[in-house]
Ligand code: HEM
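Given as structure tokens, the chain that follows is alone and in the form predicted alone.
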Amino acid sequence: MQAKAAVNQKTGNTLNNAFASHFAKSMFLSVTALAILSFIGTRMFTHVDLNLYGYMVGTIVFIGGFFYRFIAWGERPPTKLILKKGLKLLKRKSTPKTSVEHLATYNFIWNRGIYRWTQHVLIGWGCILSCFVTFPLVFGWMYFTMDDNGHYNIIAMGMKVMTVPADGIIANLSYNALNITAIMVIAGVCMALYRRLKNMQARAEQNFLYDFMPLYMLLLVSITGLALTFMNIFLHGAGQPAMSLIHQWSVIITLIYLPFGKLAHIPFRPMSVLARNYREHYAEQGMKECKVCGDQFVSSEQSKDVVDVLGVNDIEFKAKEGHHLAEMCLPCRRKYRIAQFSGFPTHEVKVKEANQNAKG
């Protein structure tokens, strides 16, 4: 076993030494995998739609930006620790339930209100389903052929998986899948814009480039996509070439921007499962008591990890009493910071904050 592990480690080191950085290795392997899958799916590139070439380039640039952002984020000491320990805990029995709650039903947003939950479901699932439809078409993993008898053949990875009537339910859902997701995204974006323009707290915290521009970009992509369908059905294709270019460029720019703006939390969202497993597993091992009030507020392991990570960055937050701020619960920590300015030991006052256990 030790010999096998040594061989695997040597192979891994050899592979890493072949590239200038983790980013270069990730990008090379990803593009190579896409090329192989496209080669198989298009039957040796015999079914390539050149009209989708721009989307393909935009997707590859998006992947590069995503890896650059993810690797930079993953190399930070706190993130590296969560990823390392979280990956080891993926076999927990609660992982499927946590994955559904965080990635499908968005239960973590439900506590903030049904309005915000609805807008996130519409935007999140609208974007995800759009990707599930678009990416297989762009890279040739899925395409359609038509028989003389008015039936469509659905081809996936070069194999015919289904034959459906051209005017059937499945065919119509396939034609209008992107229209349905576009309506979902438009509804969700409009809800988000309404809240951000009307809610006073949101207005105070938002700025245009980070909070509003991503929503406008999603809105542009969705509206121009629906406009293509409208022109095809009601205008008999008039103006469609120009609108097709506008839609394509809006998608490409959004894909390139996505890893570097607020929308990056969509592809980053699966990492929340690792964080949840980390918190739950070590909470079961033992909880840390606040050095001031004695309340259990976080796992002992997490408190220790916070102290260690801060130490890696040469940051020390020790109180005069000798304990670390990470060993104090959040209400006591806030009152301790106030005490440093006021001169009154507010953190020693036993009265708790009225909203300290508020959810959302």
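One-based numbering along the sequence shown. Treat the numbers as computed from the prediction; the structure is a model and nothing was measured.
Beyond what is shown, the protein has a form predicted in complex with this ligand; the following relates to that form.
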property: In the model of the complex, segment of 224 to 232, 144 to 152, 172 to 180, 120 to 128 with a heavy atom within 4.5 Å of this ligand; result: 120 to 128
property: Position in contact with this ligand when the complex is considered in the model of the complex, options F135, Y257, Y106, W249, heavy atoms within 4.5 Å; result: Y106
property: Listed residue that, although this ligand is not shown, lies within 4.5 Å of it in the model of the complex (heavy atoms), from I71, L81, M243, L263; result: L263
property: Within 4.5 Å of this ligand in the model of the complex, all of H102, R195 and L218 (non-hydrogen atom); result: yes
property: This ligand contact in the model of the complex: R92, any heavy atom under 4.5 Å; result: no
property: Contact of R269 with this ligand in the model of the complex (heavy atom, 4.5 Å); result: yes
property: Contact label in the model of the complex: R112 to this ligand, heavy atom within 4.5 Å; result: yes
property: In the model of the complex, H281 touching this ligand (heavy atom, 4.5 Å); result: no
property: Contact set, 291 to 307 vs this ligand in the model of the complex - heavy atom within 4.5 angstroms; result: none
